[in-house]
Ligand SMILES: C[S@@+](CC[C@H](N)C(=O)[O-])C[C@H]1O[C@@H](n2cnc3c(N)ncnc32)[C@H](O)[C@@H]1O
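One chain follows as C-alpha cells, the form predicted alone.
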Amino acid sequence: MAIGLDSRDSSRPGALGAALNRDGVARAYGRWAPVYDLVFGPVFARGRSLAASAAERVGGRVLEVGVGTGLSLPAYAKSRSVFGIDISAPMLEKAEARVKRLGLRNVERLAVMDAERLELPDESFDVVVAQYVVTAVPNPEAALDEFARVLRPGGEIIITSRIGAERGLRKAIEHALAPITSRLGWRTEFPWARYTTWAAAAPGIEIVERRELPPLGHFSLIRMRKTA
C-alpha cells in the first residue's frame, strides 16, 4: 500500500491531511537511516536531553519507543535498564552499532516492533519515552493506549512531539504540507487537542506537564502520569 493511502486514521478526532501506514513509515525511516543523525541530531538534541532527564527523575525500567539510531541512549544513567524499539530495521542497525561502540551495557534489548501493537507484558515498565514518534505512527491514539497498557501505576509517559497550530497561517501551511510530510514519514498537522482528548478518556492517565521545546516552540515535552 502506498504511503498516504491508509484511511484508518481519518476517523480520528481532528485528523487532517494524508494518513500514514505502517509499511510506508518503516520504508521512509529506512531511507532516513543513513543520514538521520546528521539531519536530525542537532535539531532535536535539547528535546532528547530533557526527555532522558525526565525519565531519570522517575527511575526504574525504561521503554523507549522509536529509539531510531539510538541517539538518546547515552543520555540515560548507566544504572537505568533501557529497552528500545523501532519500526525500522535499518534504524535499529545504527542503534545496535552505537550500543556496541559506546559499551552501553544498560541497554537490555533493541527490537523491531510496532508502537501500536507492543509485544510486551502489561505494566512492565516504569517509564515509556516516545521522542518525535507520536506524529509518525498511523494511529496515534492506539499507540498511546499501548504506552499506557505497558506502564506501571505511578509511572510516566514522556513524549517529545511537534504540536500543530490550532488556527491561522501556520495551520494552513501545515495542512498544505501534509501530503508531502506523510511521504517523509510524519505529520505536521497534529493539534494539542488530540493529546487532551485521549488523556481525558484513558483510565488513570493525567497530563502533568507541557513544556515548549526548540526549534521555534513548535515542539513540546509532554509528561503523563498513570495514577496508582
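In this text, residue numbers run from 1 along the sequence as written. Note that the structure is a prediction, hence the values are computed from the model and not measured.
Another form, the form predicted in complex with the named molecule, is not on view; read the next lines as being about it.
Proximity to the named molecule in the model of the complex holds for all of V25, V67 and V137, with the criterion being a heavy atom within 4.5 Å.
Only one segment in the set 99-107, 86-94, 120-128, 150-158 has any non-hydrogen atom within 4.5 angstroms of the named molecule in the model of the complex, and it is 86-94. Put simply, R48 is close to the named molecule in the model of the complex: some heavy atom of it is within 4.5 Å. When the named molecule is considered in the model of the complex, D114 lines it closely, a heavy atom lying within 4.5 Å.
Contact between W192 and the named molecule in the model of the complex is not found at the 4.5 Å heavy atom cutoff. Put simply, L144 is far from the named molecule in the model of the complex: not one heavy atom of it is within 4.5 Å.
With contact defined as any non-hydrogen atom lying within 4.5 angstroms of the named molecule in the model of the complex, L71 is the only contacting residue in 69-83.
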